[in-house]
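In the block that follows, a single chain appears as structure tokens, in the form predicted on its own.
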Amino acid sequence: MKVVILKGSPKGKTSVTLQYVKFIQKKYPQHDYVVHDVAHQIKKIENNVALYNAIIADVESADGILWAFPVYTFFVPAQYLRFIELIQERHSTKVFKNKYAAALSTSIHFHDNIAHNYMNAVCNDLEMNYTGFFSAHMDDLLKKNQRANLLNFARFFFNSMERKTQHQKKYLPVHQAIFEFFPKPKNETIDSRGKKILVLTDRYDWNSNLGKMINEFTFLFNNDAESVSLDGIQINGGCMGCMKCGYELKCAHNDQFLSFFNTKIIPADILIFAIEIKNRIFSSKWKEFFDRRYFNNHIPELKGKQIGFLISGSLSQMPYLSDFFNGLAEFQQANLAGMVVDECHDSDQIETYLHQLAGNTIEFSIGNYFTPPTFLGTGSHKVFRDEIFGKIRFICQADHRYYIKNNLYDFPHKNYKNRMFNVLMTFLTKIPKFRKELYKRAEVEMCKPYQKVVERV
């Protein structure tokens, strides 16, 4: 069988993901493999129609497609997303129809579920026969049991093709009714109270719903809110995964991104992302932005900011995107003040929501209000805490210094009081009479410290 591997790593031949692909190739040599480095070569593919057509011709003649990529900032890298955009823009979707598909990723399991839900949706939209995914920790290839797991994944993929197994779709087609937002003229404004407000978008189209939402939002602040478009900033490309920023937070790209980020994003008190959803996700230009902010490594550079989203598109049909928006805010230790989405198809409601979001961002910023983190934020912190303290510390030295300075290495074993208490109580619970009394009084005793706080008020 012919298997086309669409590789999504910007690193090219030095990609960790590629080693997983090569391992499968060596263990299953009976198949014909064609590897296309679509992320690493994205600029060439954009500018060379013959090269793009050659890739599409291989897809058309293939029995199966393996999407292989590293996870960058919750999703596939920006370069890979750009290739997926090209499939839509150049009307090549028909060649993917009915092809068997699987997804293979490498990461440190930082929101890799979001990336795979997205790729599942892409394959469903392309009407591919999606068999499943393998999300590897980047070190899994070094472990015998995980190598066996990888081969099981590959065998299931190959067997599905041979047996012509049919797989149920997880994501149905997106239904988006035509709706145009018509805001009404208003004189009411909101005092910005000296807060710096930045609205960021990937491009301006003032006739679109998103453009009108941006205008309406900035007008509420009597035009004190600044709006900036990414298409007016020189950004030479997405993150290359080179890790050269790990020592002193300097990007290898020589463009305007760092200057823009440090002079516009960092000083803002309130940051509003204005995003249009298209083809299951935001644009590759937006993904460039999210990936390139990695020059700060895993330091929460948006800490203390109020964040909001203006969104045009069917967000409710793409729950993984909501996970991204919430997860981004929580991981960055910012506060998600709210989201305004135009899918309610009611201009009056949208105006009300815009006004509420504008007021909330000021009120929350003045009051220094931050919602407590959920699993999205707490889990993110623990993943990176363990990884940075462990194997990647030598490469992410700027992270390591920040984590020490801000006491982010908050491992449970450092709490010696709890450790000693647990040792004592574990010993005592071996006595049946003590154990019976302990569990009898557990609920009451557990509440006592909290009751004392309430009583002191």
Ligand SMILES: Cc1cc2nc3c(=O)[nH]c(=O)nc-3n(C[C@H](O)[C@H](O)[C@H](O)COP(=O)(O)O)c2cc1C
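The shown structure was predicted, so the numbers you read here are calculated from the model rather than taken from an experiment. We number the residues from 1 along the sequence you see.
From this point on, the text means the form predicted in complex with the ligand, which you will not see here.
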May I ask you to check whether S312 falls inside a 4.5 Å heavy atom distance of the ligand in the model of the complex?
-> no
Is Y80 close enough to the ligand in the model of the complex to count, meaning some heavy atom within 4.5 Å?
-> no
State yes or no: in the model of the complex, is some non-hydrogen atom of I281 no more than 4.5 angstroms from a non-hydrogen atom of the ligand?
-> no
Even though the ligand is not shown here, does S365 get within 4.5 Å of it in the model of the complex, heavy atoms only?
-> no
Considering the ligand in the model of the complex, find the one stretch among 345 to 353, 160 to 168, 273 to 281, 101 to 109 with heavy atoms no farther than 4.5 Å from it.
-> 101 to 109
Ok, L150, L258, L198, M138: which has a heavy atom sitting within 4.5 Å of the ligand in the model of the complex?
-> M138
May I ask you to choose, among F74, Y118, F289, F133, the residue with a heavy atom within 4.5 Å of the ligand in the model of the complex?
-> F74
Within 4.5 Å of the ligand in the model of the complex: residues from 317 to 349 (heavy atom criterion) = none
